[in-house]
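Single chain ahead, by itself, as structure tokens, in the form predicted alone.
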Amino acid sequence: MLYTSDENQGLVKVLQFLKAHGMEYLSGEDLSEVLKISRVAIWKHIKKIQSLGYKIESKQNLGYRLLDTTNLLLPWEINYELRTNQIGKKVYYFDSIDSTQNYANSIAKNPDEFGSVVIAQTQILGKGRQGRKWISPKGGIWMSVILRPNFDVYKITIIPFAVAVALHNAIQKTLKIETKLKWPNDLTSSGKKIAGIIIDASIESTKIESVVVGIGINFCVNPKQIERQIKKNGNFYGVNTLTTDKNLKSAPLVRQFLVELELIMEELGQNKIQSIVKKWTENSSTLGKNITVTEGGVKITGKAAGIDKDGSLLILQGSKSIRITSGDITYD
């Protein structure tokens, strides 16, 4: 099932009116009069809203009241009180999809899709880095965001670091959980993966046409369910989840992430690369550790000393410094 921000306006009007009145009962007659919708249409919208996981109480002679919102990341839940200028204003929600990244890439060339978010309850062929499969069960946040950066192409290597900082900040602000950033594109909790980031870019000459940012967050998943399918991967180092509370809503985290993403992309556009790298460095789990980087069957061992201005990892081997642009890290 596909839902978008531009559809279901009648349903959304009913839902917003119920939200605005808290635990107050609203009669079908009142809803019909205020919203200029027939009572039959009101009843149909209420039934549809309930089918999407919202808890609505109905009492004769009193009317309807909203007891709880849905756990689904429906477009109007993400749009609700979203404080961004562009990012997240249009949302595509799928119950299931092959990959949010595939869908986002297919529409990214349309200028009207700048800031669009593609989100799914599950992915069948979720994409990880270097063509790996990303396991995407219910309970996670699987999404892609379409960006159209108005800056020089050389800054594109910093985008994963900017996205990681944005997500780190959003998790801290909404859930009060401190995550760590593992080079090049992971967020961790207790040393295990909590989220991953991938970037697909369309570049014409020296101009960035579009960037599709893919984000996978283990919000409320069973880590063992995922581990069983990926533990044989060479880069496996464990899976963690942000919460085990199935009643905790994920929409506030998504909204805050979109706010943080827009802010940090503005910083990148203002050439504040050093500031972004500094923020990433302050929350890194990689720097200062003895590590082994594996890329294409080649292994390089040394101490992770810093991040270069292009996002490369600097490794010290005695007095020798080596720049690494990609690879899988293990801690020695």
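Throughout, we count residues from 1 along the sequence that is shown. Treat the numbers as computed from the prediction; the structure is a model and nothing was measured.
Beyond what is shown, the protein has a form predicted together with a small molecule; the following relates to that form.
Contact here is defined as any heavy atom lying within 4.5 Å of the small molecule in the predicted complex, and by that definition each of Lys127, Gly196 and Gly214 is a contact residue. Heavy atoms of Asp186 reach within 4.5 Å of the small molecule in the predicted complex, making it an interface residue.
The small molecule is not drawn, but in the predicted complex it has a heavy atom within 4.5 Å of Trp134. Mapping the unseen interface onto this chain, Phe257 falls outside it, with no heavy atom inside 4.5 Å of the small molecule in the predicted complex.
At the 4.5 Å threshold, heavy atoms of Thr241 stay clear of the small molecule in the predicted complex, well away from it. The stretch among 67-75, 85-93, 196-204, 220-228 whose residues place heavy atoms within 4.5 Å of the small molecule in the predicted complex is 196-204. Checked against the small molecule in the predicted complex, the residues Met143, Leu261, Ala164, Ile171 give one hit for a heavy atom within 4.5 Å, which is Met143.
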